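One chain comes next, on its own, written as structure tokens: the form predicted on its own.
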């Protein structure tokens, strides 16, 4: 099967890192095709960035409709453009936040989210509410690590994430940690070893859930609000 992974920001190095994380967990025979919008922010760290990113996801979903990916993964924790991509594509479309919350719910009676900038915590909290996980998510914690700083991958960034996760687990009395950024995916295994609890990377969770849905022969409902977009003229960005 061929899975599409959309990085909603425009940083090529992050797209490649996300693609590698997806390929590391994909089953034999699963091909990962990674892409990013042709326009938009270099990183997504607020409502304004998310608005542009959602439009970029819609662009990439529409382009992918020509080859019909078996499933699509939106690799940003804000899940920008999720509903638009579900309209545009036939196969399942999974956001990494929603996938991570579901995975955590299978592993612990409560989980904590550890994310990047503190200002984005409210966005994550609203996603928790939207997806109905208020009774399981015991806290959302910002580290004030800029998204693009995650490319460092080791040293200070890893230490900050580990410390924040330990504080979150103790304060929230949680049994699992959900990583609140796709850029954290390469650090998941190291954090799992050091923390000794389940650490959930939404990219990996979404890939495996996408594979499972495809294997079950399930596709996105195509009547009502998820029917294919109505054809009409669109003005291009200038």
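In this text, all values refer to a predicted model and were calculated from it rather than measured experimentally. Numbering follows the first chain given and starts at 1.
Missing here is the form predicted together with a small molecule; even so, the following discussion is about that form.
Highlighted residues 43, 76 and 180: every one comes within 4.5 Å of the small molecule in the predicted complex, counting any heavy atom.
In the predicted complex, the small molecule lies within 4.5 Å of some heavy atom of residue 147. Looking at residue 120, you'd find a heavy atom of it within 4.5 angstroms of the small molecule in the predicted complex. In the predicted complex, none of the heavy atoms of residue 17 sits within 4.5 Å of a heavy atom of the small molecule. The small molecule is not drawn, but in the predicted complex it has a heavy atom within 4.5 Å of residue 116. Segments offered: 213 to 221, 20 to 28, 6 to 14, 226 to 234. Contacting the small molecule in the predicted complex at heavy atom distances within 4.5 Å is 6 to 14.
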